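A single chain comes next, written as structure tokens; it is the form predicted alone.
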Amino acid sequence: MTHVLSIEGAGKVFPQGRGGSVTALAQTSLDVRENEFLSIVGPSGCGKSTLLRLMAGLERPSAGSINFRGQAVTRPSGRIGLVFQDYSLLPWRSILHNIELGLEFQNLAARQRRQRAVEHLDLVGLAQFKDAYPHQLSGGMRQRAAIARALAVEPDVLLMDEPFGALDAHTRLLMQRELLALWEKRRKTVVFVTHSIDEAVYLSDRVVVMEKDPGRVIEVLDVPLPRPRTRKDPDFGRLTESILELLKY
């Protein structure tokens, strides 16, 4: 089986005042498979976001290594996209120009940037809002724009750090369905950090379960449920319950 990302004994220690330190992530090994949807769950402070930032090249591991297709990840790359919870859209740029932002760093001609941006806005159902500004859109629409911006640079891997955490319950369910529809169309490798066990089981091929003090992986579970999934499936409830027991919530 092909692995697109390999985490090999990677850990992260942050220095603190007076010569102290805190271990955000104990040495961890994990492989991310090509085209899979992998979720990471665990309590606050267990190192979920730290692990994602290491994969993105935003942080360097204190020990071990992160490899993308056999090459060490040492800095951010256009081949690894990242979506945050807070959308990170620039308020002074239209939605279209926000989508073009990553393409500007790729030095694409203006005509190519616009064409690809419009294509990805259409993909997430926002083509008619291309001239709107972030403050004119709902939270769900802003998150769709953030996903479109990440996809427009055509990454191999999409890392998502609690992207639906700030949404209301109804919008969150709708966004889960929309994300799955996008994933099924494009089949990008997705690594998705969430506090919601229900969300992880609904979306994922596998679920990584973490605990804190220090942050570490305690289990990686397959999700053998057929798609499309229903939360009424007894097996859905049983798998959710087994993860709850692991986390001792």
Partner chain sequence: MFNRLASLLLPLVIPALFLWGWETAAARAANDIILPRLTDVLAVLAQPMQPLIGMGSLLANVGISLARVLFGYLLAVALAVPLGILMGYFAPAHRLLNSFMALFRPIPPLAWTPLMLAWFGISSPASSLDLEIGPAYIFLNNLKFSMAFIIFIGGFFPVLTSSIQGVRSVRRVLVESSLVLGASRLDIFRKVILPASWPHILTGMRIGLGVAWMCLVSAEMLPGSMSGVGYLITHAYTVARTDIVITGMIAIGVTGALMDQAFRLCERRMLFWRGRS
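If you're wondering where the values come from, they're calculated on a predicted model, not measured in any experiment. Numbering follows the first chain given and starts at 1.
Heads up, the form predicted together with the partner chain isn't pictured, but that's what we're talking about next.
In short, of 163 to 171, 99 to 107, 118 to 126, 137 to 145 it is 99 to 107 that has heavy atoms within 4.5 Å of the partner chain in the model of the complex. At a distance of at most 4.5 angstroms from the partner chain in the model of the complex, all three residues 53, 133 and 149 contribute at least one non-hydrogen atom.
In the model of the complex, no heavy atom of residue 95 sits within 4.5 Å of the partner chain. At a distance threshold of 4.5 angstroms between non-hydrogen atoms, residue 80 is in contact with the partner chain in the model of the complex. Using a 4.5 angstroms threshold between heavy atoms, residue 72 stays clear of the partner chain in the model of the complex. Among heavy atoms of residue 153, some come within 4.5 Å of the partner chain in the model of the complex.
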